[in-house]
Ligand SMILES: Nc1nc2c(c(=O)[nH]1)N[C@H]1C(S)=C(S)[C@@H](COP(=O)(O)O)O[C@H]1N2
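We begin with a single chain expressed as structure tokens, specifically the form predicted on its own.
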Amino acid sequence: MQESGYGRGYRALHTAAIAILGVLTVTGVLLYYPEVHTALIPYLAAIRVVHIVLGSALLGMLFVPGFFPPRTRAWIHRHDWKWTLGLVGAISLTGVVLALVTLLPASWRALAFSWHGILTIVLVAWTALHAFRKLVKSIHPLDSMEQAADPERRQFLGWALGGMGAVLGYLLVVPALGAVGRSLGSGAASAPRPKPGGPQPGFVLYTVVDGYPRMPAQRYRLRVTGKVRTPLELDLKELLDLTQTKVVRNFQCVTGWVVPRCHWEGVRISDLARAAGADPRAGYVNFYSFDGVYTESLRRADAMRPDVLLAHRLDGYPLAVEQGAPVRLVVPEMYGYKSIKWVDRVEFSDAPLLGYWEQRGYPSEATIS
């Protein structure tokens, strides 16, 4: 019997969905893993757009059988469709949470980031199993456990909304339970313990050059230049002799991961400005890294916030090289790309620099709401 046009359409939809899942997996790896992430910095914004658009398209494609049931019952098996729809729906929901990074609490984003990856791994494994079963022709005949998908619209919407609601409920309930646990004194062990030497746990480590630049403490100099009354050149001991400030804040990357309650210690930019006699009319503070490539810029009003530091300690230990030793900028109210590492020059200026990431499409205003 000749295959109906409707059947051909579903076969094409199935093929397109597999291709899109493959591209989503590849782009997800490119966006997450620092081993490949840093080699593609100029293209990350475009890759992220492709990832979001294709993810949305895949979710939409999986709704098609619910609203346009296939004419031939053999084209789609109910459990295959339900599992795939549930997984893609849950992944999409965690993706929405990540996309709304300026609207939702950090605890939501941290959970969403973890579950976005976990559910993607499950989906890829499920797809591989599905493909294997198809390959060896081990699909059971249609029976009560594997009926063709021809649900009533109410039943279909119940499946989709039920799965998404379960994930949303998880994202709501777990942070609440965590808050209750902390209030009862049981939350102290939930975060990874700090360790002496090496990077502190929880961070995804990035560098935009070949390797991590090193500066021996005895050779380090911090220059404070630009519109200042007294230009400074401070060695590490002189920097540590300035007023030291400790802050405890979350650290969040624009890609979605969060390290909660980081304990930073260092010198406020406002105290550095006072020591150098910075001109109050200088509207920007520019920062340079001794990696020779990375730059950043803050509006003066943002740089003068009491929790903006040139930090030299994290969680009670001196910074590791991978995390910016000897000195890095910390801007807790902004995404991590504003917190430039390996700082060796601070410039008070009338004009901002176009920072490294901003040159590649990231916004200059990176405040976390």
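Note that residue numbering begins at 1 and tracks the sequence as displayed. Computed from a predicted structure; not experimentally measured.
Unshown form predicted together with the named molecule; subsequent notes refer to it.
- Exactly one listed residue, out of 207, 225, 244, 114, brings a non-hydrogen atom to within 4.5 Å of the named molecule in the predicted bound form: 207.
- In summary, among the residues 294, 284, 81, 220, the only one with a non-hydrogen atom within 4.5 Å of the named molecule in the predicted bound form is 294.
- Across the proposed site, 348, 355 and 365 without exception lack any heavy atom within 4.5 Å of the named molecule in the predicted bound form.
- Mapping the unseen interface onto this chain, residue 253 counts among the residues with a heavy atom inside 4.5 Å of the named molecule in the predicted bound form.
- By the criterion of a heavy atom within 4.5 Å, residue 336 is counted among the residues contacting the named molecule in the predicted bound form.
- Taking the partner from elsewhere, residue 340 is found to have a heavy atom lying within 4.5 Å of the named molecule in the predicted bound form.
- With a 4.5 Å cutoff on heavy atoms, residue 27 does not count as touching the named molecule in the predicted bound form; it lies far away.
- Only one segment in the set 286 to 294, 124 to 132, 236 to 244, 82 to 90 has residues whose heavy atoms sit within 4.5 Å of the named molecule in the predicted bound form; it is 286 to 294.
- Interface residues of 320 to 338, taken as those with a heavy atom within 4.5 Å of the named molecule in the predicted bound form (partner not displayed): 322, 323, 328, 336, 337, in sequence order.
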